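Below sits a lone chain in structure tokens, taken as the form predicted on its own.
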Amino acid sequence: MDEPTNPKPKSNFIRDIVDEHLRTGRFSRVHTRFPPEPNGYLHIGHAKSICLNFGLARDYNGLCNLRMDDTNPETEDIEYVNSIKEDVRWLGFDWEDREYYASDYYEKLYEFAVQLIKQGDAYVCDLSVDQVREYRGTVTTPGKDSPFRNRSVTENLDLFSRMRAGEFPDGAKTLRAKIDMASPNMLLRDPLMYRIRREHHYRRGDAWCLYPTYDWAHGQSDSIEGVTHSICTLEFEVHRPLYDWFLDRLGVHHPQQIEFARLNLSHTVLSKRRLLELVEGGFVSGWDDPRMPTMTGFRRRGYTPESIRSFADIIGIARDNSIVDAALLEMCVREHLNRMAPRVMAVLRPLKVVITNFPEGRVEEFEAVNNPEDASAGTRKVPFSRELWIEREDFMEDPPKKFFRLSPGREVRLRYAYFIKCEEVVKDPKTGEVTELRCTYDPATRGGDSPPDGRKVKATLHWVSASHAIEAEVRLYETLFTVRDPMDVPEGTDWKSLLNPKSLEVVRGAKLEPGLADARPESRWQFERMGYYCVDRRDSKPGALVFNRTVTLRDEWAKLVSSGRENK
């Protein structure tokens, strides 16, 4: 596990609780767990939980387990298990030899259930799902006892054994905890513990047709593993009395469940069910689509694990739900990439420039800084020739008053190279589109320095030598949704109708510095004046490079802070 970046971690209410437990002797150590359900890929909300649970273990010299809470064979798959492990490692954390599965505890959970039956705390119920819902009552009216609630211990043990043996059809019987049908907490109204379901389990095969519910398996799994602090998101606060009830009735090691506010990120959704809809509906190319808020999507887009950990540290741990602006995450990514990403020049929408007074066939090389934030990154040689590519938007034939880039008769600086002046504009005779610029250069400005006469220019352009450039496909990404909170929509509105039709733009034929020809998948670069880009880890191949835009150079978060909108 990575060493902590701060010598003294930030205080929060969870650390206060842990400190109190250690001070009073309730626990003599700290043992946490990250317990994902392997029914989808991890997203940025899970990253917050990973950083919290592994971070607590690191800072208190404790342990953190990785446990797959695999109690629902219908939705779980080994693909998700493998992706979860890969994502946790990529984020910088290590569970060492503590890789566990709730399915490993099926036999022990069954024994626990038998113990509750013998104590009169659980019973086999024949009510259907609809009947159970009907008997449960409402938030204002108490529920009704099941007609099967008072079965004898002997009958319940017999029926439960036969349920496991597969004597009854799916849904015919359930095992329920006997708590209180009048409880104001609906979850304590005799909740389900087991249901009959003939589904193939990705790990246990067909050995079981009796599967535990999440609420039943969760706390007991924590107990079996010796967990001290079971950190959950806020929606599990109402589940805590049930968590405690099971552990108290069993008389086993009792961890402390603590709830914190889950992460909600603007302009996206962080529900695995919603994300699965996007994948299965073909609205995105897969779980690793760079527009997705999944860890694998962020990784493919070029986000760094360091920036995600920094983001988790900045947003902190709170008790109340809120929406964090995605611009804050982008700021964290931008700050890290600014320190570590090499600079290169790339022209996404090329316009040819011919330097008419530069000798044909002549090539010069200029020294370019790889990263001004890191002197150890050194420099590189950039070739310069008679024909160049510049960005099409860097030229206007009839510019407005505050446009300082290239236009007829105007002089600009080429980054690292020379001053050039536009002398002639060549157009397509049929369409009128500008196809080429004829320019002259000033040899006295080599290296981009001001000439001896002291004249100055107001713009510096990036460029690429036409005869040396390599071509690439560049994918430009925007937010996945057009609104800040896609779930806050009027009744009857399909949330998918709010998907951003401009979330992906594919630019083909971009011209890049020749040094990028051997760029490795997942390598990250700053295209000068354009933003940060990453070589796509799936689609990019030698000779057919694909770059994903990670984040622009603009710091949108700074604008939000200055306008006071960051917390709205």
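Residue numbers run from 1 along the displayed sequence. On a predicted model such as this, the values are computed, not experimentally measured, just so you know.
The following text describes the form predicted in complex with the RNA, which does not appear among the structures shown.
- Heavy atoms of P212 reach within 4.5 Å of the RNA in the model of the complex, making it an interface residue.
- Contact annotation for P452: none of its heavy atoms lies within 4.5 Å of the RNA in the model of the complex.
- Among residues of the shown chain, N72 is one whose heavy atoms approach the RNA to within 4.5 Å in the model of the complex.
- The RNA in the model of the complex comes within 4.5 Å of no heavy atom belonging to V114.
- Contact with the RNA in the model of the complex, defined as a heavy atom within 4.5 Å, holds for exactly one of R291, R249, H201, R405, namely R405.
- Between the options A375, A207, V129, I78, the residue in contact with the RNA in the model of the complex by a heavy atom within 4.5 angstroms is V129.
- Partner contact region in the model of the complex: 315-323, out of 315-323, 297-305, 492-500, 354-362, criterion any non-hydrogen atom within 4.5 Å of the RNA.
- In the model of the complex, the RNA lies within 4.5 angstroms of at least one heavy atom of each of the following residues of 328-345: L328, M331, N338, R343, in sequence order.
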